[in-house]
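First comes one chain, alone, set out as C-alpha cells in the form predicted alone.
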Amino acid sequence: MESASRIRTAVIPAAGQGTRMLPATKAVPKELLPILEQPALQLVIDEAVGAGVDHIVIVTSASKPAIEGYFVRTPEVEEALERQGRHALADRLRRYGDDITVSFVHQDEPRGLGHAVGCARSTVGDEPFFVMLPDELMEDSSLLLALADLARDGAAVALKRVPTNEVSRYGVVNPVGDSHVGAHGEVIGFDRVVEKPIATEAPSDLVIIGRYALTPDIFPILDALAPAATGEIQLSDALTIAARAKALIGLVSSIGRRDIGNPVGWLEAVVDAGLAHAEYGEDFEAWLRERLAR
C-alpha cells in the first residue's frame, strides 16, 4: 500500500453554477448531486483523505449555502446510519471538524479557475497543496500520491492523451525534452499550456485533467496575472509563466476517471457506482443486462 503524501491540504474550487446540469443545479449545487447515496463532493474528499490530506479548502459562493451546510455535524444523521449498520459512512461524516479540517472561502464572481485558486491563498498558507476539480471523479487516491511525489521543486499536473477532436475541451501542454517512464508512469516536462485550442493549433495531444500538485509560489503569479480574453484569470496562464523559469512536470495517467460535469458523464458515474455496490450491485447488473437485451 502506498504511504500518505507530504501534501496535507487540498483546494476544491466549487463556486461554479453548474450550467450544464440545469435545471437540477438551480436548487442543488452540482458538487452535491448524488452518485447513488453519496454526494459527488464526498467522493472527491475521500480521494484527498486517502492521499493523506487533513485540510480541505472549499472555494464556494454565498449563493451555494448547501455546500457549507453539508459539513455541519448532524448527530441524528450519524445515529441513523449507525442503526442501519452503515458504520463506515457514519465515521466518515463524523471526522469533519475532528480529524479533518474543512475551511471555506468565497469566490462571488465567476472569474476563472486561477482566481478561485488565488482566493484560497490566505487559508492555504506557505505549504504545497493539491487542486482538485470536483467535476472529475478518480477511481482512487493513487494519482494524488504520485503527483505529490513528483512535485518536489515545482508544480506537477495530471495529463492524459486524447483524440485530436477532444483537445478543444481542455488545457493542452507543450511538451519539452524526452519523456521517461518512472515509478509512477510516463513523466514529461512542459513549458506552456494552451487553454482550449482549436485542434489545428494544439501543441500536443496531452491535456490536463483535474488534479494538480502546486507550490505556494503560484500565488504571486496569480495575483499579478491579467485576465484572459474571456475576462477570467486562467490557472493555465499562471502555469505557463511558472514554466518559463523551469519546465513543469506532467504525469501521463490512465487512471479510471469520470467527468460528471455533464449529464452523460454523471450518468456513467452513477452506473459504475451501482455495478460496484457491495449490497445491490449484483441485482443492478442483472437488471441492466435484461434491460439492454430488450
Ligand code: G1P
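Since the structure is predicted, the reported quantities are computational estimates derived from the model, not experimental observations. The first residue of the sequence shown is number 1, and the count goes up from there.
Although it is not shown, the form predicted in complex with 1-O-phosphono-alpha-D-glucopyranose is what the next lines describe.
- Look at 143 to 151, 213 to 221, 103 to 111, 193 to 201: in the predicted complex, residues with non-hydrogen atoms within 4.5 angstroms of 1-O-phosphono-alpha-D-glucopyranose sit in 193 to 201.
- At the 4.5 Å threshold, heavy atoms of residue 124 stay clear of 1-O-phosphono-alpha-D-glucopyranose in the predicted complex, well away from it.
- At least one heavy atom of residue 236 is located within 4.5 Å of 1-O-phosphono-alpha-D-glucopyranose in the predicted complex.
- In the predicted complex, no heavy atom of residue 175 sits within 4.5 Å of 1-O-phosphono-alpha-D-glucopyranose.
- By the criterion of a heavy atom within 4.5 Å, residue 128 is excluded from the residues contacting 1-O-phosphono-alpha-D-glucopyranose in the predicted complex.
- Checking 119, 209, 137, 132 against 1-O-phosphono-alpha-D-glucopyranose in the predicted complex, a heavy atom within 4.5 Å turns up for just one residue: 209.
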